[in-house]
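Encoded as structure tokens, the following chain is the form predicted alone, with no partner shown.
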């Protein structure tokens, strides 16, 4: 009697074969409806694609590998978050002023992760090729995960500190948060190829290191290990997103020569929009971290000027040059953070975080990092405001600032070649006058005026009576900011009093 033979062992598919099955055999042609009706946005931006199969994820990531990889990261991240909470990790940060950087991140950046999730889910639906569709699907899941992990991590601070209670509501209403919000709404209301240029390339590839690396390093320097862990968990995804962003740009440029001027215009636009958004990061790095890692000036040189040179030298073979006005951004690196922090100090009565004047030690650091500008232009301003504070005459700007129609930042920036003169640009469209903080923002408006005349400008909305009332307290209540608790100076705030009480207890009961 012959023994039963075991079934032949099936050969496992290679990674390349699995990726090919996932992305090449799902891209069928429709029969019930013509392809141009199923994918209505594939051509209207003017981008010409001749071979969708030419686009390939350089990681060849398949769904089973994706879930396995992400699940492992989740297990590690939540173990750290739980440990941080159980050991009262908030007591180990350098100074409670640091938490104000988290407040700005939670209200300004975390909602953008959710917007990116929706954006990638939307544009993934509108690509004809299966490869880009799969990549967008995975990135949409990544972005949703980032929003969730950031909320979970920072929810621990909400138990003890003020201003962290309603980040989503604040993101939709508070005046300075319209800057990041309008950035993403601009991208999400563009076509699918422009969206990828805006988010995958200009933001993720060109500028994301200026947001994540200094912020996560700042968290590590200031003892916030939970934030460091979610940062590194997200950063491994960001590295993949950056590579995909570069690949999509090269894909468009290689498909047809006619795509080059379209892509260049998008790079010009979205570099400038992203750079203006990062003004908030510049302020955070130089003023909001009690223990600093590097200045905004140094970060710009390292992550844009040096890395950008290599990137755009590579892209020059396609006919792509550096973004328009990049030299203006380099001129502004010596003053950007000072101009923004001074503005928030003047308007701290309407913010969901606290501000303060830099101490003498901190001003020495700023003087060393900005030897050509700080002592000459900004130190005298801070010393004047400190003298006013000491006389009981703390200065608050009682007016509403004029906003740039494009980036929605108050008109606080100075001329590229003259840091003592406010940069002010204007144009007329259909009988109305519109104002801008820079040539970059004016150019963006003039190319698509019908889009930007619809901007929801917070100051205009307050004047029109759409923000809860005419008084400061009415608007603050509409923002869901607790008046006298979440806003005003750090000195004398409930956050400071609680932190000082904890420090007193620790010094009285050393372990």
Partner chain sequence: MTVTAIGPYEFKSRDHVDNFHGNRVVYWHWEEHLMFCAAIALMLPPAMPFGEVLGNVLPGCYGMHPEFSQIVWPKVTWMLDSRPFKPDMEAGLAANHVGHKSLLRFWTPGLHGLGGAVV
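From a predicted model like this one, the values you see are computed outputs, not experimental measurements. Numbering follows the first chain given and starts at 1.
Keep in mind the form predicted in complex with the partner chain is missing from the figure; the text below concerns it.
Within this chain, residue 94 is remote from the site of the partner chain in the model of the complex, having no heavy atom within 4.5 Å. Looking at residue 456, you'd find a heavy atom of it within 4.5 angstroms of the partner chain in the model of the complex.
Not displayed here, the partner chain is approached by residue 419 to within 4.5 Å at the level of heavy atoms in the model of the complex.
Not displayed here, the partner chain is approached by residue 401 to within 4.5 Å at the level of heavy atoms in the model of the complex. Residues placing heavy atoms within 4.5 Å of the partner chain in the model of the complex fall in a single listed stretch, namely 434-442, out of 154-162, 327-335, 115-123, 434-442. Comment: the partner chain is not present in this chain, but in the model of the complex one of 370, 84, 356, 347 has a heavy atom within 4.5 Å of it, namely 347. Among the residues 411, 302, 144, 213, the one placing a heavy atom within 4.5 Å of the partner chain in the model of the complex is 411. Residues from 374-411 that approach the partner chain in the model of the complex with a non-hydrogen atom closer than or equal to 4.5 Å are 376, 377, 380, 381, 384, 385, 388, 395, 396, 397, 398, 399, 400, 401, 402, 410, 411, in the order they occur in the chain.
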